[in-house]
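Just the one chain here, laid out as structure tokens, in the form predicted on its own.
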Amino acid sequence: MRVFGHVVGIPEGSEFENRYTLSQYGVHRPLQAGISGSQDEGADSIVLSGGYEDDKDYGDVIIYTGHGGRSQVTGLQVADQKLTRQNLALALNCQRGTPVRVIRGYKHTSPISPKEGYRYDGLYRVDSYWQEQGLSGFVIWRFRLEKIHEQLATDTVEEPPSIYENSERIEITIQRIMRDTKLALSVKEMYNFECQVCQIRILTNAGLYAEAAHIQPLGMPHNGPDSIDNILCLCPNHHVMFDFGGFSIADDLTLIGLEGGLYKEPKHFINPRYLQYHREHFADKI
């Protein structure tokens, strides 16, 4: 049975001599594949072993390259990757919020990798995924993984005073993308909280509700701007579909993957550069 999360008895930081012992302890079952998972259940673990030149390891953030397209003889990328099998497994983790175990190997070119063997480095969440042209010239799938600090839920965690022991205070520094909420609200108000795809307005007991969707995502590695020409007003359903490649938008604002076109107020300029970025990285094909 596939285990999502920690393996009982294997704490973070545990070291293993080789892939065989990793498999025996159930931390990462496959003896060769970098992704353990299925496209029906999701991925339970990955190994960083220096196999893909496009991988980026920043410690708490990993830009991970998906599976496939490599020559079994030379190890070089010789074909496009597809969003199937293990790649689709990691995409399911993103959509379902399922954690994945991360193991770093001695062949992984990172200063935080072990000098020998393999080390279990805890749980990560798959924050997002997209496709792009890799260094080899072929299409690859990328996955942004973020470390899960399970006991650090807020900026300051403070236990109430106890008659038995002194309370413990933990101070945590967390990097966040600071979004301009005024910009997001101005776009929503511009459309009177109507979705630009389906023109539905959602009424709640606190008023109308819509979501501000960035066309080129904010944050590393996309680094899209928090600006009005990069923001759409969408309902929750179409926001999720847009973020995960369910549809994209042509420069003339016709929808790709859905019928019809994007409604646009005359005073709202939507930058074609960001639409192109979304098509290249999130649509079905580049």
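Throughout, we count residues from 1 along the sequence that is shown. Bear in mind that the values here come from a model prediction, so they are computed numbers and not experimental data.
Omitted from view is the form predicted in complex with the DNA, to which the following refers.
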**OP:** Please determine, with the chain shown alone, which of 231-239, 37-45, 252-260, 213-221 has non-hydrogen atoms within 4.5 Å of the DNA in the model of the complex.
**Re:** 37-45
**OP:** Decide yes or no: are Arg101, Tyr129 and Ile148 jointly within 4.5 Å of the DNA in the model of the complex, with each residue judged by its heavy atoms?
**Re:** no
Original post:
Does the DNA come within 4.5 Å of any heavy atom of Gly245 in the model of the complex?
Top reply: no
Original post:
Does at least one non-hydrogen atom of Tyr106 fall within 4.5 angstroms of the DNA in the model of the complex?
Top reply: yes
**OP:** Evaluate Asp55 for contact with the DNA in the model of the complex, applying a 4.5 angstroms cut-off between non-hydrogen atoms, and reply yes or no.
**Re:** yes
Subject >> Proximity of Ser23 to the DNA in the model of the complex, heavy atoms at 4.5 Å >> reply: yes
**OP:** Taking the DNA as it sits in the model of the complex, which residues of 65-79 have a non-hydrogen atom within 4.5 Å of it? Please list them.
**Re:** Thr65, His67, Gly68, Arg70, Gln72
